[in-house]
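Listed next as C-alpha cells is one chain, alone, in the form predicted alone.
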Amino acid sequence: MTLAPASKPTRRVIADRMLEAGAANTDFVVFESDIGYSTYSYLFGDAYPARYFNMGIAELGTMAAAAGMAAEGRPVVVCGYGVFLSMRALEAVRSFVCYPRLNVKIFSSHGGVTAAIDGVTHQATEDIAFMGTLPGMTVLVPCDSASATAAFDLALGADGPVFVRLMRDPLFEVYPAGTGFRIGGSAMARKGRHVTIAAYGDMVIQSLEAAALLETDGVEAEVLDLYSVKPFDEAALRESLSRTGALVVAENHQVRNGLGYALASWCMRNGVHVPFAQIGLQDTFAESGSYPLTLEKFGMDPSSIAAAARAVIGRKKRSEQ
C-alpha cells in the first residue's frame, strides 16, 4: 500500500476548512492564545477580524473567555498547542465547558511527539488521558487531510464540547477526499486476519507501515483507525477481534490512561479474551529530535509495532495449542 505524501499538516487543513466554513456559517467565533501563525488560525482572523480573539499567552483565560461567549449561545472554536490547552487550561475546560456542556470546540496542535523538534514542553503526550476523562467531552484524532476536514465539520456540528488532536507536520494521505466519517465511527485502513492494530492519528500511518513489514513474513495485519477515540467504535473493534483474535494498540501518547487502557478495559468487561500489547510512551517523557528518530528511540516506530504484533500472534498460537 503506497500512500501519497501530504502537502499540509492537519493543523493547516483544519485552519483552511475553518476559513471556508466561516463564510457560510457566520455564527461561530475563534479564540487563540498568541500562536495563530503556528496554528494558522490567523487566516480566519484576517478574513473575519470581528469574530477572532487572540488573547495572548493565557490559555486558561482564553478558555474561560471562550466558555463565557459559548454560554451566550454562540459556538466557539479554540485553537492552540495541545500541551497547554489540555493541561494549563484543564480546570476551565472541566468546570466552565464540560460541566455546562457548552459548544466549545478545541483544535489542539502538536499532539504526541509529532512536535518532536520542539521538545518535551511542547509535546502533548497526556492530552488524550486528560480530555478523554472529562464527562461529556468528545475526542477526535484525524490522521490526514480527509479525516481532518471531516473532524472540523463533525466538531462544529456536534452538541457539546469536542477536542480534536492535530499534528505539527505533514505526513501522508490515507483516505480519498470526501470519505465519510462520524463521531463514534472508525475506518478500516487495512484489512487483515492475523492481528488487529488499533491506532489513531499519526500512528495509523506508522501502523500501516508496520503492516507492510509484517506482510513480508506472511502476516496479514488489520489496521483499525479509531479516529473517534471517545466514543470509540465498539462494534468495529468486536468484529475485528472476532476474526483476528489478537490486539495491538499503537498510540503516540503515554500508555497509561490512553486508548489502550480504554480498549483493554472494554475487552475485560465484555469477555473478549485476546493477547494484547500496547505501543506508546512507557511512563517516560520523550525528548527533542526528529520525528522518525524519536518514534524509534521510544519504541513507537513501524518496526516496534511489527515486533509487538508478532509477539501477540505468538501468544495466540500458544494458547491455541
Partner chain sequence: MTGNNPEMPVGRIASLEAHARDIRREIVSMVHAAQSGHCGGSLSSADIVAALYFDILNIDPARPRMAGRDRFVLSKGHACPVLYAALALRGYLPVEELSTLRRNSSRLQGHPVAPYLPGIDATTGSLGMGFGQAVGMALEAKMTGAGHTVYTLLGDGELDEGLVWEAAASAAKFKLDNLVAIIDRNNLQNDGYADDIMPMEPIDRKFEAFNWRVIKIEGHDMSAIVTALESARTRSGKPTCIIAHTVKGKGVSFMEDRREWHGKAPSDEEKAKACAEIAGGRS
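Just so we're clear, the structure is a prediction, and the values are computed from it rather than from any experiment. Residue numbers count along the first chain shown, from 1.
Not on display, but discussed next: the form predicted in complex with the partner chain.
Interface residue among S290, Q282, S265, T26, judged by heavy atoms within 4.5 Å of the partner chain in the predicted complex: S290. Site annotation in the predicted complex: the residue of L43, V255, M55, V272 reaching within 4.5 Å of the partner chain with a heavy atom is M55.
Annotated contacts: D159, R182 and K230 are all free of the partner chain in the predicted complex [non-hydrogen atom within 4.5 angstroms]. Contact annotation: H122 falls within 4.5 Å of the partner chain in the predicted complex, judged by heavy atom distances. Not displayed here, the partner chain is approached by I35 to within 4.5 Å at the level of heavy atoms in the predicted complex.
Taking the partner from elsewhere, D118 is found to have a heavy atom lying within 4.5 Å of the partner chain in the predicted complex. In the predicted complex, the partner chain sits within 4.5 Å of a heavy atom of R88. Comment: 47-55 is the region of 66-74, 47-55, 273-281, 255-263 lying near the partner chain in the predicted complex, near meaning a non-hydrogen atom within 4.5 Å.
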